[in-house]
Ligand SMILES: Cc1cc2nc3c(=O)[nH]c(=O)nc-3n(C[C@H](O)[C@H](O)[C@H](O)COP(=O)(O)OP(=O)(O)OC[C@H]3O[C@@H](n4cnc5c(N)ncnc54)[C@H](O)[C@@H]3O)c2cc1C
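Consider the single chain below, provided in C-alpha cells and representing the form predicted on its own.
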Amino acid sequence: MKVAIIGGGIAGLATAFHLQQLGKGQIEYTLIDNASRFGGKIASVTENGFVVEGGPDSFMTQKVAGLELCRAVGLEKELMGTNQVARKVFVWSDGRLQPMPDGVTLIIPTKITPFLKSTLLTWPGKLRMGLDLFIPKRKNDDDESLAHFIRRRLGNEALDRIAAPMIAGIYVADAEALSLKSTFPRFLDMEKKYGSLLGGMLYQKYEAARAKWKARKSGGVSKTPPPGFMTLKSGLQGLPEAIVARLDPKALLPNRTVTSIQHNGSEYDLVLSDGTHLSVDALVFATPAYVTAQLLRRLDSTLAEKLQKIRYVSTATVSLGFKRSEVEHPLSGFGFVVSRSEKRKLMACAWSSTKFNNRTPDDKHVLIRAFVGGANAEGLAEQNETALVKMVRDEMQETLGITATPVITKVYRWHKANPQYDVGHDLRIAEIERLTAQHSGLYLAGAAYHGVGVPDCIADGKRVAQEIVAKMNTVPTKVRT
C-alpha cells in the first residue's frame, strides 16, 4: 500500500512514524514538506550556549501522546521537567506585575487563603467569583465562547485578569470567540456534574486527597506522576530530529510542494514542484487547513470551502539573552501574561532560564522570550525584525526594567500558523470529517481539528495511521502492474 503525507510538521511526522511501526513493511509512505527541515513550528537552536525555542518549548504530560513518542524514539533520558523552584506565574495588571494566586488551576482557585490574600482581584471581584457556587447551571448544551462562560460563572474581573490572559498564552485567541466545547470541555462537564466550577474543583481535590489517604492506609504505593510539562535538554526540536532519524531516508521529500492532485479510480495522482509524479492509495493532509483547502478545491469544492473557514492568526516570538549582572529584576518565576485591559504590546513573556534548567551558557546569563501578535494584534507580529525587536525591548524596559543590550537575539515569525477554534468549531469539524469520509483514502491531521498542542497533533497523526492500517487489513492487497 502506498501513502503520501503532505506536511512535515509534528502531525505529519507522527503519521509517518506510526505507519512505519504499525504497517509491518506493507506500507510504502512518502513524506512531503515545502521546508528544508522537518518539524514545522517545533524549532530550536543552540547558539553561544543559549538554547532558544522558536515555537512550543514543552508539551503537556497529562496528554500522554508526546511522552510516549519521546520514549518510542529513544529520548527518555533527554526528557526534562519544568524547574520545581520559583514556579510562580505573574499577571501584568493595574500597571504592574502581580502574582497569580497559589493554587489556581487553569482559571479556578483551589486554595482559599492565597486567593483571598491576592492583590490581583479586588474584593468585589473575589465575591463575584464566589457567586459561582450559587449560580444555576445552564440547561442547554449549545456551544458558547469561553469569555461568555467565564463572565456568566465567575464575572468580568476573573475574565480580564485571569482567564483571558491565560487563554491568550495558550491559544493566542480572543476569549470572546474561542469555543468552550472545543478547548475546555472540562469546564462544561464540571458545570453539568457539580453545578459550579468552584464546587467541582473542590470536590475533585477532596476525592484526590481521599484516594491518596486510602492508598497510604492500605500500604499501597502511588506512582509519582511526571511533571505537568516536559521538554528536551537540548531543545524540543530533538523530537522531530529523532523521528526523522528513524524514518526511511528515501521516503522523505523536503523542499517540495504539491502542485496538483487528481483522484483516478482508487488512486490519487500527485505532481510535485520538482516534476515528480506520485500515485498512491491513500493521501494524508497534515498541512494548515487553508493550504489543504487550496489543494482540494478541484477535488471537492464544498470540503475546501469548509476548511477555508477555519481562521488562522499570526504570531512571533522574540528571545533575548542578557548578562545576569545587567538585569536587576529577579525573574523569580516562569514569566507573566498580560491582562487584556492593559493594552500592552506583549501577549506574554516567558523567563526561559528560570522555567527550565540548561537554557543559558552559565548562571551569569538569563534568557527571556516574548510573545507577540495573536487574534487581537496580528499586525505587531508582521513587523520587520528590527521594529519587532525594538518594540519588545521597549516593552521589557517598561515591564521588567531591563535597559541592557542583549548578547543574543532570536526572532521567529509564524505567519497564519495558529488555528482558531471559534464557537461552533465542533460542528464545523464534524461536517469536515463527514465530507472527507466520502473520499476513500483521504485523511486529515493536525492542529486545525482536535487540539493545538504537540501531544494533540501527535495523537491525531497516530489516529490517522491506525485508520489507514485498519483499512489496509480489511481490503485485499491490490496487485500493481
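All figures in this text were calculated on a predicted structure; none of them were measured in a lab. Heads up: residue numbers just count along the shown sequence, starting at 1.
If you look for the form predicted in complex with this ligand, you will not find it shown, but the lines that follow are about it.
- Only one listed stretch (65 to 73, 22 to 30, 427 to 435, 447 to 455) carries heavy atoms within 4.5 Å of this ligand in the predicted complex, and that stretch is 447 to 455.
- Site residues N34, I42 and T287 are all in contact with this ligand in the predicted complex, judged by any heavy atom within 4.5 Å.
- Contact annotation: Q420 falls outside 4.5 Å of this ligand in the predicted complex, judged by heavy atom distances.
- Although the partner is absent from this view, V411 stays clear of this ligand in the predicted complex, with no non-hydrogen atom inside 4.5 angstroms.
- Interface residue remark: T61 is not counted as part of the site for this ligand in the predicted complex, having no heavy atom within 4.5 Å.
- Remark: G441 does not count among the residues lining this ligand in the predicted complex, judged by a heavy atom distance of 4.5 Å or less.
- Scanning 47 to 62 for heavy atoms within 4.5 Å of this ligand in the predicted complex gives G54, G55, P56, D57, S58, F59 in sequence order.
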